[in-house]
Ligand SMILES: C[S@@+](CC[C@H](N)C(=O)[O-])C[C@H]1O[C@@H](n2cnc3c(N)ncnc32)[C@H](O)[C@@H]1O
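Before any questions on how it binds or moves, here is one chain, the form predicted on its own, in structure tokens.
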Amino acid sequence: MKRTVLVIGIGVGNPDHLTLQAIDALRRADVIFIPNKGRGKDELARVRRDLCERFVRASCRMVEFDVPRREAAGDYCATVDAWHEQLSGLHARLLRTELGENECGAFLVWGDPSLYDSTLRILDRIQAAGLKFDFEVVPGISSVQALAAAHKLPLNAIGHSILITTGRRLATGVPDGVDAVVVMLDDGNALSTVKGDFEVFWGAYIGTPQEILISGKISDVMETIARARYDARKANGWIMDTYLLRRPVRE
């Protein structure tokens, strides 16, 4: 036998979004690794702790660790690669020192591990460097799914596709021929660069008591969204928001 690592999608902050598979995985874990991402993001670690207190076995240990910040300056891909290398070393040390040879450890990932999260890439690096362990992935409800449910709409029009992208990529423009765009990881500026007759369906803290939903023509609600986003970040110290941009389409 050897170490086993579970990468568990925990949804977007609502405990009711946790799947039965995720609950079963939490109950298998001997160790839960809880990242601390610095001031202003304490709430994120607290949500993870609350899930553990509710679902894990009494004998399970919680190991907290500080996550280094990514350098903001320089080439984006190069800085991300360097950051991932740093994270790989940190995660490898955690697995060696905190997880016994026959134990099961778990990392709890916001939303779904396959969508704009790098835990799987980091574990691949660690394995490539020679540390032996098995790992399993438990899918979760992503903010994309939760956004569509909150606004009570399908993401795509009949016969049309959707694009899922980041605020960084959106700022370069909506590609030709794309009628629907889901945007994640926007620092708040990309929405103001959008040109065209789009509707926007925006949500923050989706599925939680702090949930905020705004929708309408982008020209009509852009300032309302910007104000709501500013006020929410100021009040909570952090914000997670996602939005759908959609051209009017006749089906």
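Here the structure is a predicted model, which is why all the values come from computation and not from measurement. Residues carry their position along the shown sequence, with the first being 1.
The next section is about a form of this same protein that is not shown, the form predicted in complex with this ligand.
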Q.
Even though the partner isn't displayed, in the model of the complex is residue 12 close enough to this ligand, meaning a heavy atom within 4.5 Å?
A. yes
Q: Please run the contact check for residue 111 against this ligand in the model of the complex: heavy atoms, 4.5 angstroms, yes or no?
A: yes
**Q.** residue 204 within 4.5 Å of this ligand in the model of the complex, heavy atoms
**A.** yes
Q) Is there a non-hydrogen atom of residue 184 within 4.5 angstroms of a non-hydrogen atom of this ligand in the model of the complex? A) yes
Q) Pick from 63 to 71, 220 to 228, 24 to 32, 204 to 212: which stretch has non-hydrogen atoms within 4.5 Å of this ligand in the model of the complex? A) 204 to 212
Q: Work out which of 115, 92, 155, 99 lies within 4.5 Å of this ligand in the model of the complex, going by heavy atoms.
A: 115
Q: Would you mind checking 121 to 158 for residues with a heavy atom within 4.5 Å of this ligand in the model of the complex?
A: 142, 143
